[in-house]
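Take a look at this one chain, the form predicted on its own, written out in structure tokens.
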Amino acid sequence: MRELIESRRDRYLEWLRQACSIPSLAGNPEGLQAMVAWLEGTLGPLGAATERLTFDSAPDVLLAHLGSGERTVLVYDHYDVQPVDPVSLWKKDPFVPALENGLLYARGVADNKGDLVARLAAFEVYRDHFGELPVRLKLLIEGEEEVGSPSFPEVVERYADKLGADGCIWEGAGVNHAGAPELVFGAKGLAYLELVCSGLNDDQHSSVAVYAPSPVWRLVEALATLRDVDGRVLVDGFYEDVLAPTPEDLTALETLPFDEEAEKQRLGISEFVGGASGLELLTRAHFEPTCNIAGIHAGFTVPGGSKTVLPKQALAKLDLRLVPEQVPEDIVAKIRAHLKAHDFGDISVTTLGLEHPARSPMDSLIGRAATIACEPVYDLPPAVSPLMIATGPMHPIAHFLGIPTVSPAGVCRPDSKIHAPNENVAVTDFLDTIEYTIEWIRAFATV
């Protein structure tokens, strides 16, 4: 089977190039529609029946059906991609895929088009090598994941009768520093906020800063009240709903391979926040919430230039990664109350995205199938984690529908630069994901 995959390497890389050439960005309806059309055109020859699930003004969600058998697996992916800014840091045009030294560079190639296209390729290889797929596959592919999936919970609720399954494959966790396949059984939640401090009618000459208040300093001072130097969030009640890891969770973390020195080298740092290491580091990474400043904008910011100005306004973007059982709406309310209590009630807080955290059992049928499938493909045993340190809209599937869910091995590595310039995947990881997809399909049919 691997020989068949290798013989079609160029064919499937061309599929991936085509998918990554489409600028399926939020705010670009033509690009989003073009990506859905490309998926329909690729799935049709594979024998899939497709339909578009519509909801208000949201991009269409594509649902495809193929295969037969006693068990049904729902496969979640997304076809939208992150913004490309800053474009100047890209080596090449982010929507003109470039192959260099075994790596394919393009926006969306690792998140999430690489996994998505690898699965399409696997369906074709399986059909040509074995025949009809031995399970019923439902591919659910949405177009709002990179902006927080605001419509996805309502889509799942509206079309719940079409989405039932015995297990769910969720995007792709990836491969770790050592080359071990990663399996993840949950996801952190998210509250994404925009804070704005406006204090002057217009930008002013900076000489008046001696008597005119600075919105920039005020926002910086407000932000400084949210977190201490060790990463501990200082908002009252922020941790009150946080669930401690279970003994089973800690056992999983104790056996989870994590190369601390490689990660420090990748990040360009000498130590982790708070000096954490070992089990403490992994526990914090997986089971502690965060308060991150994703961006700050104010005044004159042209690199290398100078302009003496007192800006009239300052803006900050915050993302807060949340853990079970934190509720995003409750966390936003606590942030507002905190600012008011610290005399920063004049700073406006706008909610831009909310996602609930999710957990799923690690001993489910789909979890066992994803684990069994690793052995024929990868040299190392899987690195199993109870919770993803990042976020995805897993909650509607794992909790509302109650479908056991796993995020399995995929194309992404720690240095794939997802959400950053020069996003990339290794061709070998792409081919491995094709083979791995075939193996988890076979395992799920029989486990």
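Numbering starts at 1 and runs along the sequence shown. Just so we're on the same page, rigid core means the largest C-alpha set that superposes within 1.5 Å between forms. This structure is a prediction, so every number in the text was calculated from the model and none was measured.
The protein also exists as the form predicted in complex with another copy of the chain; that form is not presented, and the subsequent description refers to it.
Contact assignment for another copy of the chain in the model of the complex, among A333, A244, A178, A294, heavy atom within 4.5 Å: So the residue touching another copy of the chain in the model of the complex, by this definition, is A294.
Contact residue in the model of the complex, from L279, L89, A160, V208 (heavy atom within 4.5 Å of another copy of the chain): Flagged contact: V208.
Per-stretch contact check against another copy of the chain in the model of the complex, the hit in 101-109, 136-144, 72-80, 311-319 (non-hydrogen atom, 4.5 angstroms): Of the options, only 311-319 has residues within 4.5 Å of the partner.
A285, heavy atom within 4.5 angstroms of another copy of the chain in the model of the complex: Judged by the heavy-atom cut-off of 4.5 Å, A285 is in contact with another copy of the chain in the model of the complex.
Interface membership of D93, another copy of the chain in the model of the complex, 4.5 Å heavy atom rule: The answer is no: D93 has no heavy atom within 4.5 Å of another copy of the chain.
D363, heavy atom within 4.5 angstroms of another copy of the chain in the model of the complex: No, no contact at 4.5 Å.
Contact flag, P213 vs another copy of the chain in the model of the complex, heavy atom cut 4.5 Å: Taking the distances in the model of the complex, the answer for P213 is yes, it comes within 4.5 Å of another copy of the chain.
Candidate site A37, S57 and A358: all three near another copy of the chain in the model of the complex by heavy atom within 4.5 Å: Not a single residue of the candidate spot has a heavy atom within 4.5 Å of another copy of the chain in the model of the complex.
Contact set, 154-179 vs another copy of the chain in the model of the complex - heavy atom within 4.5 angstroms: Residues within 4.5 Å: none.
Rigid core fit then F130 CA moved by 2 Å or more between this form and the one not shown: It does not reach a 2 Å shift.
Flag for V377, CA shift 2 Å or larger between this form and the one not shown after aligning core: Shift at V377: below 2 Å after core fit.
Core-aligned C-alpha movement of R321 between this form and the one not shown reaching 2 Å: The answer is yes; the displacement is at least 2 Å.
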